[in-house]
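Let's start with one chain on its own, the form predicted alone, as structure tokens.
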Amino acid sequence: MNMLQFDLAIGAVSVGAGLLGSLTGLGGGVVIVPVLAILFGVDVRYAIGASLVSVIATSSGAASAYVKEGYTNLRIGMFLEIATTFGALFGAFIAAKISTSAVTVIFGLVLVYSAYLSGRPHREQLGVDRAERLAEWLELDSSYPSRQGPHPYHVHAVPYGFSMMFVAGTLSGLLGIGSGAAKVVAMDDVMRVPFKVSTTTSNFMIGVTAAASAGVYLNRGYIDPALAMPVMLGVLAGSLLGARLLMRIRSVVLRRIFALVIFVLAAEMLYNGFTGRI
């Protein structure tokens, strides 16, 4: 395989990763890193570096469309990014002190959890709950567009959700995945934010989180422009397509397919990590 064929193959895979990451809010990194490491034989740290660049592209591509449509809660995103940014810096710091095999095993475990999140049923909307004082003070409550018009919602368990975001940021810096899985579960299950709002707000946040740790990886020489460029362009194209599709389709079948794909990738990553092949 020559360089052109290599770039085209990576670009094609990245389009699919960006599409799935945009639709689910989990970020394309959950697909990009294991595919680059297993199928293309890329060192996992360089794969993570390219993934971080692609995560920034995913956020840039999809977030603007979601903000325009009125789904993204910007106040929640900016408030929770305080925790994820510090977590991302911490994760990027400890990544250099952990062996490649250990990072691969951790990534595989995160993929298993991401598969569970993608495959389980999600509530599409919530009834109007009683407002909480802290959420009111921070002005986090909002509404999102629905067929019946703007649908209001209240945000709950703000301190608990904020603490979970530090963990999400640490995963992002350590694994280069944007930590969309942890962000979605924190907003959807803990803070009881409607799922489409959780997904779109996660897409808005993952770029900022990834940018915080990408600088560390760049300083250590783990971001190769020749690898990151086709990954970034492919993910950006896929995320823009996903932003268009999210408003028009129900994603139940897509979630199950995505869950199956990343479960297989998780098994591969765990096997290669435990046997020391990566």
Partner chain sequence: MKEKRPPASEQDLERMFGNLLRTGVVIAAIVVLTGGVLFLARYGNQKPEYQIFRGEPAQLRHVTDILKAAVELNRRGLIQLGLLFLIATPVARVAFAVAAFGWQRDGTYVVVALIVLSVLIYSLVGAYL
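Positions refer to the first chain, counted from 1. Heads up, when I say rigid core I mean the largest set of C-alphas that superpose within 1.5 Å between the two forms. As the structure is a computational prediction, the values presented were derived from the model and not from experiment.
What follows is about the form predicted in complex with its partner chain, which we do not show.
Remark: none of the three candidate residues (Val15, Leu19 and Ile38) comes within 4.5 Å of its partner chain in the model of the complex, counting heavy atoms only. When contacts are judged by a 4.5 Å heavy atom cut-off, Phe195 does not count as touching its partner chain in the model of the complex. Its partner chain in the model of the complex is not approached by Ala243, whose heavy atoms all lie more than 4.5 angstroms from it. Interface residue remark: His156 is not counted as part of the site for its partner chain in the model of the complex, having no heavy atom within 4.5 Å. Though the partner is left out of this view, Thr72 does reach within 4.5 Å of its partner chain in the model of the complex, counting heavy atoms only. The partner is not drawn, yet in the model of the complex one stretch among 164-172, 148-156, 102-110, 201-209 has residues with heavy atoms inside 4.5 Å of its partner chain: 201-209. Residues of 206-240 lying near its partner chain in the model of the complex, listed in sequence order, are Gly207, Val208, Ala211, Ala212, Ala214, Gly215, Val216, Leu218, Asn219, Arg220, Gly221, Tyr222, Ile223, Asp224, Pro225, Ala226, Leu227, Ala228, Met229, Met232, Leu233, Leu236, the criterion being any heavy atom within 4.5 Å.
Relative to the superposed core, Ser239 undergoes a Cα shift of 2 Å or more between the shown form and the other one.
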